[in-house]
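This document opens with one chain alone, in structure tokens, the form predicted on its own.
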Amino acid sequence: MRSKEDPRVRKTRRLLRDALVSLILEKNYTSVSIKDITARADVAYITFFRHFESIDHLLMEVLDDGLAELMQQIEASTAQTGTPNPEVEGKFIFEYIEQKSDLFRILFKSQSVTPLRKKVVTSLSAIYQKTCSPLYNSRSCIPVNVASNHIATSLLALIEWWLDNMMSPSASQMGKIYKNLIIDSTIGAVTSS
């Protein structure tokens, strides 16, 4: 729906979104005001309310869009290869995080986005339930939804750690870590039980 918006509307929304992101990275989310956002975006105060109900609404849109893009990229990379390659998938995830690091720093920095983090875990878990067939071991005492939730929450914890450590090691190395530490160990636990 937003893709059919007037280009001026898209530009204004982008300016407001970018202003919010830069302000949150400079100071605490709770200290950011609509006046700060509109001043940074160089738009009139009233313009904010033509596009968003509140700062929370703006933040949720920013994070929601970025996370939706990540989910689409993960699903697309799995679909392209035909068979999931966890190391390549992991490298791809961390390359994307590297490109959108400001967005993900906000996701982990702000306590006000806890509901969105839960939504991310649910969405990631659903992807792993669809794409990770080894989780379906009929003899396993670990239910598929538990294993896929474990992968999702572990991935978010690993991303947060990586951002806190200045995105070191490289995205490629993180792909290997993701495969070995999260995917292989979870599949190993499911298949051995």
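These figures come from a predicted structure and were not determined experimentally. Numbering starts at 1 and runs along the sequence shown.
From this point on, the text means the form predicted together with the DNA, which you will not see here.
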{"property": "Listed residue (133, 28, 33, 145) with a non-hydrogen atom within 4.5 angstroms of the DNA in the predicted complex", "result": "33"}
{"property": "In the predicted complex, the residue from 55, 63, 152, 158 that sits within 4.5 Å of the DNA by heavy atoms", "result": "55"}
{"property": "Partner-facing stretch of 133 to 141, 42 to 50, 158 to 166, 64 to 72, counted where any non-hydrogen atom is within 4.5 angstroms of the DNA in the predicted complex", "result": "42 to 50"}
{"property": "Distance check, residue 181 to the DNA in the predicted complex, heavy atom within 4.5 Å", "result": "no"}
